[in-house]
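Coming up is one lone chain in structure tokens, specifically the form predicted on its own.
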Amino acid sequence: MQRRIKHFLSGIAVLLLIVASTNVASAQNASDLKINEILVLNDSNTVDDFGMHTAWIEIFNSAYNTVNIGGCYLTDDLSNPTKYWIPTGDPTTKIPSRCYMVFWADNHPTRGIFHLNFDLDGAKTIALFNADGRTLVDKVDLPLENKPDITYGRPTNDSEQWVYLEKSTPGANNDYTRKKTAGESFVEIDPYGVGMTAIAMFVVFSALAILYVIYKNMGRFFIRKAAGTVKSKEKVETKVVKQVKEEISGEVNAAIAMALYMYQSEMHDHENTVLTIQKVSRNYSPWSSKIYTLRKTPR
């Protein structure tokens, strides 16, 4: 039993280690990061944390888990992939699932980790490299002409096409158009609710059928368990009785019978719960007495 418990605990520990290592690995996977939107000429657009109008680069986490961009590199020169190293150990470099992070290309890295050591004046390419400084994660070729306060980005988060956007959306989704909800789309497909009714009935009856099967099997299980308990109890009682019968000899049974007889005949001491067995004074059996023998031959 102790060995089984040890094996069980060891299995849980190994499973936890595997899950933890998987989470760490997925959290550090920078391949899901994308350059999502860029503003080169910022005249009257968004201001940074110092109130300055500077160029900015938006990074999008396309994964469904948190990705830490710390340790990666941003550059405007492919020949120098490690131009700006994003510091590690800062919780602000973690990008939650399907969220965004903005870096300011103002050539003032002393203002914080989100301020790059280069600007976008005359830049032709923006690239994001992994922590090894060699693996290219994403790259964008900037257009030759840039309009003031007009951003260049993906029309949707999963799009591979780059266009001039009508609205700048730093730290937000580029696709701001109204989307149909799931209910509205379903109403268009099933305007009279026939499909919804069928689905609801199917779900209800399926749930009832599943509950029926579960409770029926549970009932059978407990019935079998109870029957097994009764049988085991009967076997134990039979074994005990058999052992008692085998252990009690004939002399013991005779003594018990005689004691019960004498108790019923009131041959006891003053205490009614004490039995008395009197020893016979004669050492011979009366059946061997000569007075009971035949004196004459019977005719």
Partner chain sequence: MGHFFEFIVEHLSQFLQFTAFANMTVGHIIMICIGLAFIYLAIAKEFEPMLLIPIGFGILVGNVAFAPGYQIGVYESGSVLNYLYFGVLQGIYPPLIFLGIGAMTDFSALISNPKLILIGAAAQLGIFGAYCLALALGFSPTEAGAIGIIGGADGPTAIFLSSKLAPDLMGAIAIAAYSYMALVPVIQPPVMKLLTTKKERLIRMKPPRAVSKTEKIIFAIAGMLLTTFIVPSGLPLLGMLFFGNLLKESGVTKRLADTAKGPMIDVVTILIGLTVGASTQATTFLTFKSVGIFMLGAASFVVATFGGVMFVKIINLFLKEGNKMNPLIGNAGVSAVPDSARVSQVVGLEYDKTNHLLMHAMGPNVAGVIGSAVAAGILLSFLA
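Note that the coordinates shown come from a computational prediction; the quantities given were computed from them, not determined experimentally. So that the term is clear: the rigid core is the largest set of C-alpha atoms that superpose within 1.5 Å between two forms. Numbering follows the first chain given and starts at 1.
The discussion below concerns the form predicted in complex with the partner chain, not included here.
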Considering 99, 78, 196, 136, which brings a non-hydrogen atom within 4.5 Å of the partner chain in the predicted bound form?
-> 196
Work out which of 201, 150, 227, 163 lies within 4.5 Å of the partner chain in the predicted bound form, going by heavy atoms.
-> 201
Flag residue 184 as yes or no: does it have a non-hydrogen atom within 4.5 angstroms of any non-hydrogen atom of the partner chain in the predicted bound form?
-> yes
Quick one: does residue 111 come within 4.5 Å of the partner chain in the predicted bound form, counting heavy atoms only?
-> no
Taking heavy atoms and a 4.5 Å cut-off, does residue 207 contact the partner chain in the predicted bound form?
-> yes
Does residue 94 reach the partner chain in the predicted bound form, with heavy atoms at most 4.5 Å apart?
-> no
Hey, of 67 to 75, 155 to 163, 215 to 223, 125 to 133, which bit sits against the partner chain in the predicted bound form at 4.5 Å between non-hydrogen atoms?
-> 215 to 223
Taking the rigid core as the frame, does residue 175 move its C-alpha by 2 Å or more between this form and the one not shown?
-> no
Rigid-core frame, C-alpha of residue 191, shift of 2 angstroms or more between this form and the one not shown = yes
Classify residue 92 as shifted (yes) or not shifted (no) between this form and the one not shown, where shifted means its C-alpha moves by 2 Å or more with the rigid core superposed.
-> no
